[in-house]
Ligand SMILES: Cc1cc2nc3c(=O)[nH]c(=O)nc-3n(C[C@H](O)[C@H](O)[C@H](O)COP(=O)(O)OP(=O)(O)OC[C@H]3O[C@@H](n4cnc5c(N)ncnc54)[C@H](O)[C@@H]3O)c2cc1C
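This document opens with one chain alone, in structure tokens, the form predicted on its own.
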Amino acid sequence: MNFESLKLSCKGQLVLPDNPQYDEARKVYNAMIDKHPAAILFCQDEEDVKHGILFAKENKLDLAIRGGGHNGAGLGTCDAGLVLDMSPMKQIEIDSDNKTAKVQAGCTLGEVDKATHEHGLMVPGGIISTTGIAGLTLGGGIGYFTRKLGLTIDNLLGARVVLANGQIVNCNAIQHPDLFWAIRGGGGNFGVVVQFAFKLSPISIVHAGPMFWELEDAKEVMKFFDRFTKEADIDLYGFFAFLVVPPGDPFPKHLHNKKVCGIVWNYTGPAQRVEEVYQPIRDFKKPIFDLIMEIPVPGLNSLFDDLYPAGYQWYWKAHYINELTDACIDTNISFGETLPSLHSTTHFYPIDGKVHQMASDETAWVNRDNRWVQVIVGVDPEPVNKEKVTNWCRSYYDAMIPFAIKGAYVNFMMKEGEERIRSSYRENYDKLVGIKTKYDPDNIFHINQNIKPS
């Protein structure tokens, strides 16, 4: 394949297999993914993206789109195709008067946090700051501020998209509203988003952090958490986890490498109410570790970055769960007791608060009436432990099927097949197929959680 014409038409660097930088350039966050693209184009602007799309189309090459490279299934790369890497596209424009931001698709959540925090503002995102803002947003966007502010897509005002035919369009509530509807949860199926426009919220400092309890108290803690979060003020968010306590600061030595259950909290309300808000949790059962602290939003979103650097072995699966029945809780505890590595975990993220204030058909993200997103994560630094963490994750996932609703949060899926994708979009799926057929009839954008055109 001769890439000379692409190289000449683009500003960004084109990395081919004979380039000394190739092996570094082809890496993604999950070291379990080992793909060898024919070329990687580091796009400098939307014109580079356009030229890359048209080149791949003309030469019948598989096309993968990479923002932060965090996708667990490795959908930001491919074998023998062209990767468009947008990591050089990091421009951020803040309009503090109108509380909006324009963000290019190569930015990470941490970079967006840093830029918005300087103005006392933020956009709700995930829980690892190295996550790419593009993939996070296009899949929906669940994180510490979901109860208070909704999903990331609920704070999306518009986007600039390069279509399969090379046309560059703006989409929002007025321009291409069908495309705007689809990209809010439908992933990268419809075009390459090169810029997002977000509504910002005036939150800069929160009172947040983890509380841990003994593993033997997990059933009691899960039942309390379920009951408590149904009635809690939307200023208070928490996600439940089974975890191994990391061996280092700020954790006391007697807890190092201990399996525990925990809740990571985030309170966005007034500082004078902090003790009042957290006291019922402490009264329910005194935690064995309690690190609620005043913390800036960028600090909260990067709490776990050091625990999960790029280059580890990752395998994850997800469910939607509606009820934490006794049998469901007992099954979770049995796998919480057998966490296969320091970095392996499961999280239960609540879907409630502001998320429930929008109807399931208002955006492509259909699962607003569910109660929990569960992600099961098998992670280890060492390739030799790849099978161990993968098998634990799959076994846990299978054991949870009787308690789960069909489908999963697409940002937490591996490559799981068309039926799984269909069930994840439920009654919105057929509409998504129609929009896909309109904007990408040849399925140029298929290296994703793919919605096939009709």
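Counting begins at 1, following the sequence as shown. Every value quoted in this text rests on a predicted model; they were computed, and no experiment measured them.
Although not depicted, the form predicted together with the named molecule is the subject of the following passage.
Asks: Using a 4.5 Å heavy atom cut-off, which stretch among 204 to 212, 191 to 199, 321 to 329, 286 to 294 contacts the named molecule in the predicted bound form?
Replies: Of the options, only 191 to 199 has residues within 4.5 Å of the partner.
Asks: So, residue 424 and the named molecule: in the predicted bound form, are they within 4.5 Å at any heavy atom pair?
Replies: The answer is no: residue 424 has no heavy atom within 4.5 Å of the named molecule.
Asks: Given that the partner is absent here, does residue 397 sit within 4.5 Å of the named molecule in the predicted bound form, heavy atoms only?
Replies: Residue-level check for residue 397: no, no contact with the named molecule.
Asks: Consider residue 378 of the chain shown here, and say whether it contacts the named molecule in the predicted bound form, taking contact as heavy atoms within 4.5 Å.
Replies: Residue 378: no contact with the named molecule in the predicted bound form.
Asks: Even though the named molecule is not shown here, does residue 447 get within 4.5 Å of it in the predicted bound form, heavy atoms only?
Replies: Although the named molecule is absent here, residue 447 would touch it in the predicted bound form, with heavy atoms inside 4.5 Å.
Asks: Pick from 238, 185, 72, 262: which has a non-hydrogen atom within 4.5 Å of the named molecule in the predicted bound form?
Replies: By the 4.5 Å heavy-atom cutoff, the listed residue in contact is 72.
Asks: Mind checking whether each of 68, 127 and 138 has a heavy atom within 4.5 Å of the named molecule in the predicted bound form?
Replies: Spot residues vs the named molecule: full contact, yes.
Asks: Sequence order please: the residues of 298 to 332 with a heavy atom within 4.5 Å of the named molecule in the predicted bound form.
Replies: Heavy-atom contacts within 4.5 Å come from 314, 316.
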